[in-house]
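Take a look at this single chain, the form predicted alone, given in structure tokens.
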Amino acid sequence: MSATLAKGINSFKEVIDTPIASYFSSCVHCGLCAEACLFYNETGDAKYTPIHKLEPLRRVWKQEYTLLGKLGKMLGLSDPVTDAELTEWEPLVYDSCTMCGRCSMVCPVGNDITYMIRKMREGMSASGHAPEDMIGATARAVNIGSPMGIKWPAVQAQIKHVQAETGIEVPVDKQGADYLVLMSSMEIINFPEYLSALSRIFKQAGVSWTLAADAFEATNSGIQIGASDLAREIVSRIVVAAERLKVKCVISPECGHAFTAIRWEGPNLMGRPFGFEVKHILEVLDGLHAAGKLKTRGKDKRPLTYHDPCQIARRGGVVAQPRRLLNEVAEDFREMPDAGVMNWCCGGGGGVSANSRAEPLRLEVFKTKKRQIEATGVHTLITACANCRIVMEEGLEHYQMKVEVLGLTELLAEYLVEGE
């Protein structure tokens, strides 16, 4: 056994905690998780069954932690997990799973398969069985501060553009602000209108906020690739900055796994509770609206629909908030089939969009989202995740669909009552 394989197997052993042991023990092999999986649902290939993707981890659990498994291993009746097997399983774990959580929603015994995939990625990553693109993105996130290699000067340039456009100061390293605003690399480079919209909304609402020069990036590649030590390092930058600036709340941007990493995984990674709140931007905007601090005028005449990002809605519970906000500015809002917590993934979450090898499969399974959008009859799609937005724009272009994709924050800013 090679040193890297041994490291991976040891990592498998370490991540098999009580929940995972109970999940493997209670699995009734009903196959319902397959029907809930985007990749199985679109291809019909049994290898994409979610629980099947965990087979190497299940074998390690059985051989190391069950009586019959230990006996079988002792007598040479069970096959050890091999390097070749992990090579075969890598595309299943990384290319055909977005960790969207839809399979966990339908499991009749309550198994959180998404949690299990996340833990299996720990062993895959440790054994060297992770996509090169994701390895590179994670290295950039740790060494540079951004998975796309964006440095603070690029953010400063964006700040100057926003200030010139809006006439509003974008505060940096402001002590004692109500909110520390995080962004994803995609919002900095692809969707600079997000920061512009926030500036205008926060000015109207009269709230204090700030960016941090040493913690502007919210994307956590460590979570996606399955490396808790790196995920912890990325989260710690945000925690240190938030505590240094003494902010009351950290705002996760329109990015799904960033929200999961800082809101739900963050305290566990740090080993202690935060001294500040963490909210998704939609939660903040909904709260400002409820308090009468976010005022809009007029309604968008176009038929609009909303794509629920998996980590924000299904895993994060932010479902009612975007609909309350949309109904303030949308004259004709139409729900997709299977909207809300059972919405179908865009196909690019969990690092899949950063994995070029997965692109053909990702475009193939986008047919599910294509049918959802077509069922509404709209030509304008709203979402609240920059990654979903890019993935859907690519899918829409691939299938030559004339549908515009907008972020919810920027849509609200279009109808903001300003100057009052």
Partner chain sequence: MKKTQKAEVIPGSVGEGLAQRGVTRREFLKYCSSLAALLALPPSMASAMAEAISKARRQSVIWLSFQECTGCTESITRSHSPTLENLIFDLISLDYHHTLQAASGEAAEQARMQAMKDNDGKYLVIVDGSIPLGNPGYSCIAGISNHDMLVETAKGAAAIVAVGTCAAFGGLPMADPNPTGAVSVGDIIKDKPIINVPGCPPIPVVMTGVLAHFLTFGGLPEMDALGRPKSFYGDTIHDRCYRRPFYDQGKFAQSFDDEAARNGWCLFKLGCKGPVTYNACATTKWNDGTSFPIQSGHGCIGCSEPDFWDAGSFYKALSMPVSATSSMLAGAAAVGAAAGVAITWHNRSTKAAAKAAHEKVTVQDLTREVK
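Residue numbers count along the first chain shown, from 1. Keep in mind that what you see is a predicted model, and the values were worked out from it rather than measured.
From this point on, the text means the form predicted in complex with the partner chain, which you will not see here.
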Which one, 199, 127, 96, 158, lies within 4.5 Å of the partner chain in the model of the complex by heavy atoms?
127
Heavy atom within 4.5 Å of the partner chain in the model of the complex - residue from 139, 154, 288, 148:
139
With the cut-off set at 4.5 Å between non-hydrogen atoms, does residue 205 touch the partner chain in the model of the complex?
no
Indicate whether the partner chain has at least one heavy atom within 4.5 Å of a heavy atom of residue 225 in the model of the complex.
yes
Even though the partner chain is not shown here, does residue 408 get within 4.5 Å of it in the model of the complex, heavy atoms only?
no
Residue 70, heavy atom within 4.5 angstroms of the partner chain in the model of the complex
yes
Options 128-136, 291-299, 160-168, 346-354; stretch whose heavy atom lies within 4.5 Å of the partner chain in the model of the complex
128-136
Looking at the partner chain in the model of the complex, is some heavy atom of each of 2, 16 and 65 within 4.5 Å of it?
yes
Residues within 4.5 Å of the partner chain in the model of the complex, restricted to 71-88 and counted by heavy atom
83, 87
